[in-house]
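One chain follows as structure tokens, the form predicted alone.
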Amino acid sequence: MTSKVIASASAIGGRLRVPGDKSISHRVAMLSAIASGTSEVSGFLCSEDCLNTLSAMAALGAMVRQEDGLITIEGTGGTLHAPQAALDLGNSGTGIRLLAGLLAGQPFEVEMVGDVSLQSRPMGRIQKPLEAMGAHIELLGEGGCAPIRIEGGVVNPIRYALPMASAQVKSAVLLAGLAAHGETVVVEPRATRDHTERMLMAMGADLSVDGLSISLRRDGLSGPVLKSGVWHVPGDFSSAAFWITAAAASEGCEVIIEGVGLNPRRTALLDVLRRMGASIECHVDASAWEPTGSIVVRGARLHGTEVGGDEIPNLIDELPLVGVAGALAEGVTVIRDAAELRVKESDRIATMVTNLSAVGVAVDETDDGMHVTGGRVAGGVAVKSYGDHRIAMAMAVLGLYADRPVQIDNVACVATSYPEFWDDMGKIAEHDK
């Protein structure tokens, strides 16, 4: 699919379930592959990104089977096998960065490649701590980007203070620490997603969390093996976020999303939309390793707000949608402290500012964010996704409120994280004819 035309919706509402969590699916694939025994996984996100990670783990020696929506992964017990060829991680920054950590302690050399977008994202942030642990990391792309060549082997524990709030870098260091003898400690400047920590603890790892400090104690690859398990991947909050935002800005509507992950380090968007005036209720089941539940959103006339500081790491994927909500609100919405957006699948500050301006929204770009003035969304233009799935989907949500149809070019990228997106849009939006 090369382009999509979005017409304004006459009504938004309904009930749906979103596909499995992308971040968790990557981690379940990797950690199940190094566990002892066979893991059963339901709800796995069968998107391009996650399937690439699953294929990489199969190439590294795990036995992977898919049947009737259930994935079984027979783990290697901790020692992976050298692959026959380079591992292709496609578009996935999560996949390549976390797998780099896992491979740092394996006794072989391997190369990881990706698509054009992945080759534009910085990898020096994982190179520095992994080389400090003893691995040899070559960044073969221009400007310190992928492809990555890793010569693994004996790694040493490290105490590493993250220079930026990054769940991917934190996870890479912890996964390398699985092969170290001793205590690996990661200290965060701000709290980030903790899926890796939760899963490692559920698998029996000796891991503890003290505020912003995470400690992992191991006896190397020969130490206690991680336990296999039965894993259910909850619905992806970042996918649900598109419908949450669409509903929040629609006065009088109600949207219910069921079976979605409600990890408190993922749901900062809910606090932002509540500040803007939306009514949002969550019903949480905290009995599993990841909190899961349902979200009820009732729309209202939104008003502008400011986002920044500590809430940014747990809002980073949803910031394009904050820009959309700001465009549909009264007053000005300010996004700051979000320079990390510039090194995602696209420069999400520049791409959102360009697209918002194109559809008639008043927006000013800053070094670390944007100022969005709400008002009428004119539409009647074609905008670009820039090959970025979240930009494509954010502009599709905004298009539901435009006076005239909005055409979004290059929407094939949506399949990297949310293959069912267009079908689900049809379920919650009734379009004018």
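When you see a residue number, it is the position in the sequence shown, counting from 1. If you're wondering where the values come from, they're calculated on a predicted model, not measured in any experiment.
Although not depicted, the form predicted together with a small molecule is the subject of the following passage.
- Taken together, 97, 165 and 317 are fully in contact with the small molecule in the predicted bound form: each brings a heavy atom within 4.5 Å.
- Only one listed stretch (291-299, 269-277, 132-140, 309-317) carries heavy atoms within 4.5 Å of the small molecule in the predicted bound form, and that stretch is 309-317.
- The closest non-hydrogen atom of residue 344 lies within 4.5 Å of the small molecule in the predicted bound form.
- Taking non-hydrogen atoms only, residue 417 never approaches the small molecule to within 4.5 angstroms in the predicted bound form.
- Heavy atoms of residue 125 reach within 4.5 Å of the small molecule in the predicted bound form, making it an interface residue.
- The small molecule in the predicted bound form is approached by residue 27, whose closest heavy atom lies within 4.5 angstroms of it.
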